[in-house]
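One chain follows as structure tokens, the form predicted alone.
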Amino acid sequence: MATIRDVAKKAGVSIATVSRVINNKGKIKKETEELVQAAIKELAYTPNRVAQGLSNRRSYTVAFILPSINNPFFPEMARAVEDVAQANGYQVFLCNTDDKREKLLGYLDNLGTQYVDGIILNSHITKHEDLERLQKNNVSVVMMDRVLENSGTTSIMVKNREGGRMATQHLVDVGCEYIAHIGGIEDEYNSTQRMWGYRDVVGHKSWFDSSWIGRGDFSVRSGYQIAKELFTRHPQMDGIFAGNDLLAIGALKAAHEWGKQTPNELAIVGFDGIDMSGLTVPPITTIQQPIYRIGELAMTELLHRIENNVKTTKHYELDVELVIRESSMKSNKWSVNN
């Protein structure tokens, strides 16, 4: 394995010059830099990240803080984060908060003083003061599914409200007349936006009031329990828009126990597009998020902030797509070719 000494010898320069080229520090003639880069390529030299970190106060590690490792949505996103990180010589710490603020603060306190270069933060319980503390420690941050105004961070999310409208309008289009919504955690940004998308479509209906909305915690068990409550309150219910696919799976189980045939008696639409939603019986219609792309973009943006010391705010809102499956294909209203 080639060393920095080998590169210096090959290029005919000092070890210090090679180090300056690798770390992009100091003024170096273009011709000298080209010689060093050519030697690095020819020898297939890989810089020692530990040594680089000691010299430039970098660890080449980042953290991905997420709310629940139990939701299959997040492992797929974490894979994208790790793929981009490793391709750029970084390692990733995975941190699960269980949506508990004390766990989040514990991670932030430790990570902010343990030489991580950046954090991808997916947590609705984050506050401005948390970001300010990280910024004081020169830790770059990219946020997911949450916008904190004037925070100096990049945020990445999808068009949640539009997705909620798409899901609910689809249920109307296949003939549902009484549509309920099972939402996620109250006050969580993406959950609330999806709920408002639902209300955009049915809020003007004569039958609608807040009793048609149930709130859960984005789990299968929660979807199951809330669906049963909705069946009791509104036995005429013939459509459910669930705020994520796990809630939709829970609602599907409750419908089966209630004796409701899906989709002809009760059509169901979820949100996220996790692989599991296509494996149920029947497979669940869903609003597909570009899960891998979200993680890929988050890590790319974090690297940009780290490498270029970026402090400005940037906001991304990615498109979603309606993926139609059997859970909403009412035989008298809809077909695959419709």
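Every value quoted in this text rests on a predicted model; they were computed, and no experiment measured them. Residue numbers here begin at 1 and follow the sequence given.
The same protein has a further form, the form predicted together with alpha-D-ribofuranose (RIB), not shown here; the description that follows concerns it.
The partner is absent here; in the predicted complex, the one residue of Phe231, Trp212, Phe74, Tyr198 having a heavy atom within 4.5 Å of alpha-D-ribofuranose (RIB) is Phe74. The listed set Thr154, Asn190, Ser222, Thr262 contains one residue whose heavy atoms approach alpha-D-ribofuranose (RIB) in the predicted complex to within 4.5 Å, identified as Asn190. Within this chain, Asp145 lines the site of alpha-D-ribofuranose (RIB) in the predicted complex, having a heavy atom no more than 4.5 Å away. The closest heavy atom approach of Gln289 to alpha-D-ribofuranose (RIB) in the predicted complex falls within 4.5 Å. At least one heavy atom of Asp272 is located within 4.5 Å of alpha-D-ribofuranose (RIB) in the predicted complex.
Of the candidate stretches 65 to 73, 275 to 283, 308 to 316, 34 to 42, only 65 to 73 has residues with heavy atoms within 4.5 Å of alpha-D-ribofuranose (RIB) in the predicted complex.
Residues from 231 to 264 that approach alpha-D-ribofuranose (RIB) in the predicted complex with a non-hydrogen atom closer than or equal to 4.5 Å are Gly243, Asn244, in the order they occur in the chain.
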